[in-house]
Structures are given as C-alpha cells and as structure tokens.
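For reference, the chain that follows is the form predicted on its own, supplied as structure tokens.
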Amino acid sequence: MRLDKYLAHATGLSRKEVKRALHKKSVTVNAQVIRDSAFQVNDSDDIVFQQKNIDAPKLRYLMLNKPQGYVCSNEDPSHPTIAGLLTDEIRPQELNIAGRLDADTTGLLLITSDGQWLHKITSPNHKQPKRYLVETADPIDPTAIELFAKGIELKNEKHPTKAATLEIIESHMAYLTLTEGRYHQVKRMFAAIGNKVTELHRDRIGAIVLDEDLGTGEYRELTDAEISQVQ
C-alpha cells in the first residue's frame, strides 16, 4: 500500500496532512526517513509517524442497503450520495464500492478499503455472481429463461452477454443472476426482449446476502465469515 494511504487509514488524517508530514521528514519506515508519499509499505514494516509507532490500519468491510435516488460517489451536484449515509468516523474517500448501482436501483452495496478483496469481487476473472430482483412493465415471457442462458445481443456491444440465470417468480417479477456488470445491463437485457424494467433491487453478491434487518440507507460491518466467503 502507498505510504500516504497507509498513514491516512491508520491516523485518520487526510492525505494532504500526511504529505505535509512527509515533507517535514516526520516519517520513518524501518528507521529510514521517507518523504515519498507513493513509497510502498506493508503490515510488517516498522513505521514511525511524528515519533509515534503506527499500527497497521484497520481494513473496513461494509454492507449497505442502498436507497433509491442515491448515487455511488462521494460528491454529486444533483443527487444525494452514498458517502452521505456514512457516519463521520468512516472516511468515504478511502473506501471503494464493489459493484456500483444506478441511482434508481436499490439494494446491496459492498464497501471496503481492502483493494485485494475488492478485486476479487469486481474482476471478471473471478466471476462473482450478482443477483437482482427485477420487476417489469409487461409479463415476463418464459422463453426469456433460455434466451438469457444463451446470451443476449445488446445494442452497440460486440459480444453477447454471458450466460445468465433467470428465475421467474410471478408474471412481472423474477430473479436474474449475472456474472458480469455491463452498463445498465439488466435493463438493456430486458429491453432486448421487448420488456421494460420498472424496479431493480440487488440482494446478493457472491455468497454475501443483503441482511434483512438492514433498513433502507442503513449499513453494518461484514462478519469475518462473510469476508472470507469472497475467494
């Protein structure tokens, strides 16, 4: 991890404040003065900041139940943001969202400061399934099950979608499980078969399921068992 990021996580200071300290030669790594904010460190390094030994920063893993109308960013001129739902003791600028959702989509967001864990969720190579509860304007034709399993040709896309699992619950409602995350993919897939998504809610990423006890806009730390489920 970059030294400035490491210290920001560990001390609660901003990156700007950390860089000032580095320029003042207030930081040593393994007894050597380091001024380079991009210097790479790890948990085994002996880091001293302003004459105090610094423990490794605590990695954060959060589950949030995203409300409708919120955008997945720290700042936005026209919409409320996910960052605004977090308490002051959490530094949203040091966190990343694993699989963003559109403003009008609700449900499970995973938020973390662990870059390797994040990569396991977002990298196409790991193929973490994401499940959505979909409501549509028109009845869902049962033939869509096979069409989605084979892959759908989307407008302005060179390749069809990867195999997706559609489970019809009611005439206008179904679960759709994807292993990729193209732009507006769920909406575009249903549009391609002549239907329109009216409501969209994600309830699962990999083996992690949205906690039913979390109200809209609420979040909690992931358990060790949930964290370890991401392989």
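Predicted model only: the values in this text are computed from it and were never measured. Numbering starts at 1 and runs along the sequence shown.
The same protein also has a form predicted in complex with a small molecule, omitted here; what follows describes it.
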Non-hydrogen atom contact Gln128 with the small molecule in the predicted bound form at 4.5 angstroms: no
Any non-hydrogen atom of Tyr132 within 4.5 angstroms of the small molecule in the predicted bound form: yes
In the predicted bound form, His184 touching the small molecule (heavy atom, 4.5 Å): yes
Partner proximity in the predicted bound form: Leu200 to the small molecule, non-hydrogen atom cutoff 4.5 Å: yes
In the predicted bound form, segment of 76-84, 98-106, 144-152, 119-127 with a heavy atom within 4.5 Å of the small molecule: 98-106
